[in-house]
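To begin, one chain is listed below as structure tokens, in the form predicted on its own.
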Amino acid sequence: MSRFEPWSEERTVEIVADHKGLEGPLMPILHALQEAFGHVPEEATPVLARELNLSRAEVHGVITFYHDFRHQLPGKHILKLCRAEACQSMGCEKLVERAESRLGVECGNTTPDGRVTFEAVYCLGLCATAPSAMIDGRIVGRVDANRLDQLLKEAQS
């Protein structure tokens, strides 16, 4: 059973109504949609445009500009590796290659069995303990090959 509810226009309108009074409500609405549905469904774009009096292009532009918004349901576990400058200087690209090899998917994808979504993130705020990762919302610093293997094992269980 999925931990996310199925998309519906009615629920989308409810989420918009809950956030519409905020200044610049689109970003909080997109985050709330992703929290509810696991991703920002393409079908939500015209609803958001209508409800917020924006063009579909404006809504689509925001959704596609930010890497954090998913366009498909994620796997059971979400592994993110930081690819910002501090983590790059400490070898994160080797970790990305290792994770891609072990998972059998490129960064930005979900394993065929739906167990792990592997994503890049561009700063977790742990620059002093780079490279860093996040697994299912839990931040991990000082990730090396062994620690990455532990995280992958955890995500694949």
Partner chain sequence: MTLRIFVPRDAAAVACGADEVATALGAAAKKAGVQVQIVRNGSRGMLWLEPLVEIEREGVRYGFGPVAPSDVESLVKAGILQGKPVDQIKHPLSIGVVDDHPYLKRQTRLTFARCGITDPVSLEDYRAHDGYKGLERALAMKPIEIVDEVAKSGLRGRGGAGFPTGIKWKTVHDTPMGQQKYIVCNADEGDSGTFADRMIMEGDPFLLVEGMTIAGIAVGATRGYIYLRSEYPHAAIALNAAIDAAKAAGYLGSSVAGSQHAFELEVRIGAGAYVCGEETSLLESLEGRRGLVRAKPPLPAHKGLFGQPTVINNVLSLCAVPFVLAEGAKAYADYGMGRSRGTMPIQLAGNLKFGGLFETAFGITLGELVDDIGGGTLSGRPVKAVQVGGPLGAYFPRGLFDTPFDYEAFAARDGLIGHAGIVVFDETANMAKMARFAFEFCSVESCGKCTPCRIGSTRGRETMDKVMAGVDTAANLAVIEDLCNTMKFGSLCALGGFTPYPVMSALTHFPEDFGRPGKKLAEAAE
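Residue numbers count along the first chain shown, from 1. This one's a predicted model, so the numbers in the text were calculated from it and none came from an experiment. Take the two forms, find the largest set of C-alpha atoms that superpose within 1.5 Å, and that set is the rigid core.
Another form exists, predicted together with its partner chain; not displayed. Remarks below refer to it.
- For the three residues 27, 64 and 122, a heavy atom within 4.5 Å of its partner chain turns up in the predicted bound form in every case.
- Proximity to its partner chain in the predicted bound form, defined as a heavy atom within 4.5 Å, singles out one entry of 126, 47, 105, 36, which is 126.
- Out of the listed residues 56, 98, 31, 115, 31 is the one that sits within 4.5 Å of its partner chain in the predicted bound form by at least one heavy atom.
- In the predicted bound form, its partner chain stays beyond 4.5 Å of every heavy atom belonging to residue 78.
- For residue 68, a non-hydrogen atom is located within 4.5 Å of its partner chain in the predicted bound form, even though that partner is not displayed.
- Taking non-hydrogen atoms only, residue 139 approaches its partner chain to within 4.5 angstroms in the predicted bound form.
- Contact check for residue 13: every heavy atom lies farther than 4.5 Å from its partner chain in the predicted bound form.
- Residues are counted as partner-facing when one of their heavy atoms sits within 4.5 Å of its partner chain in the predicted bound form; in 91-120 not one qualifies.
- Relative to the superposed rigid core, residue 144 undergoes a CA displacement of at least 2 Å between this form and the one not shown.
- In the core-superposed comparison between this form and the one not shown, residue 47 has its Cα shifted by less than 2 Å.
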